[in-house]
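Here you get one chain, nothing else, as structure tokens; it is the form predicted alone.
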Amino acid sequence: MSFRKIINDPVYGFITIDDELISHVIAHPYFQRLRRINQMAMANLVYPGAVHSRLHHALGAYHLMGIAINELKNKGVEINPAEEQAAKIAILLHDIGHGPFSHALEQVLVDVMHHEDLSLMIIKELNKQFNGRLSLALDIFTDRYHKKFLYQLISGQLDVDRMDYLNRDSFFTGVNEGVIGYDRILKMLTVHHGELMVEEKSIYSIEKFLVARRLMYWQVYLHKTVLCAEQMLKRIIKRAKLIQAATRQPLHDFITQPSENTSLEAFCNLDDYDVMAAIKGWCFHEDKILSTLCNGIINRQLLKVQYFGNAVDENLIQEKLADASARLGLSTEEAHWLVFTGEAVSSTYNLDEEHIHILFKDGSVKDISEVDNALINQNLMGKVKKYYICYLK
């Protein structure tokens, strides 16, 4: 009897798990930890429905990978069962190295590694625990496998990772601007000279995909209130580390010890719940800066934030620093924890990354930015930068 399980997903309906090894990977505690990692960090403070987890996203990306592989196989692309299994495992585990609150606390809790490096370490550990059965998935994940298009489905300008998070984040936030025609894009995928491309009939769907990404970044991911809350979260952890604020395990070691001294096992025991429990406790801490930031997150009494087209005026910064110092009895140096500036940057289509290539009927290949009357032209390829200041209301 063949193996088969189904999972009911609010975005795609039923997701089918038809492989026993994949089922065991999903059941592993390292993967199940993703249930306790919020996909969108603090975005739920602006969009209350944005409480979906990294596990939701991983399963969604796995579902889209299955569709993509079936489409390519139907077009004559050679993908054997072992490669299909490995590609699905690789996409399932692509974000397994995310720590609490995903990107918001990346390189704050563990300041010596990116989540991609941690994902690689965890996949290697899982490969040991599964007696080498994830070796091919590991090769695809690290782009060491000769069929490059399998890696491009996991990591690239048009990967199933991005397709799912745009579609899923749009669904849970209710922001319709992020809706993409993922089903049409998947239908138009093809492989040419070993590279992943899309057929010319999908040009408009690709352009909408890129524009949706741009809109989601400025309307959701870099929404000024979301950005402010995530900056406050970072400062809470940095302040807790500086003053060695007491908390419970497993977070304790990440606060009191250098990152390089913490183990992979300790990292895999850490999730959003540990951080939020600590923040609730620190609301009553004697350190005025830490307690102010923590109360702000718990009670949604966030700092005020403003975006500007140019660098923030120094007079405004000094005015807000003086106000914070006077109201809370802080030195100017201490007030910088509650009054700070920064930059938010996003681009619609980054030519420094993997390109999106369009395969035309005559066999020619063009970058999406080079097609006739291209919407994604020089004006949309540059980076958009905004400057911000956060300060006490």
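Sequential numbering from 1, following the sequence displayed. Keep in mind the model is a prediction, meaning the values are calculated, not measured.
The form predicted in complex with another copy of the chain is left out here; the points below concern that form.
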Q) another copy of the chain in the predicted complex: within 4.5 Å of a heavy atom of each of Pro29, Gly181 and Glu207? A) yes
Q: Counting non-hydrogen atoms within 4.5 angstroms of another copy of the chain in the predicted complex, say which of Gly194, Pro258, Gly174, Gly132 makes the cut.
A: Gly174
Q) another copy of the chain isn't shown here, but in the predicted complex which of Arg248, His114, Arg144, His103 has a heavy atom within 4.5 Å of it? A) Arg248
Q. Should Leu270 be counted as a contact of another copy of the chain in the predicted complex, where contact means heavy atoms within 4.5 Å?
A. yes
Q: Considering only heavy atoms, tell me if Arg35 and another copy of the chain come within 4.5 Å of each other in the predicted complex.
A: yes
Q. Just to confirm, Ser347 within 4.5 Å of another copy of the chain in the predicted complex by heavy atoms?
A. no
(Q) Contact with another copy of the chain in the predicted complex for Thr16, defined as at least one heavy atom pair within 4.5 Å: yes or no? (A) yes
**Q.** One stretch from 133-141, 159-167, 296-304, 84-92 that, in the predicted complex, holds residues within 4.5 Å of another copy of the chain by heavy atom
**A.** 296-304
Q | Heavy atom contacts to another copy of the chain in the predicted complex at 4.5 Å, residues of 74-93 in sequence order | A | Asn74, Lys75
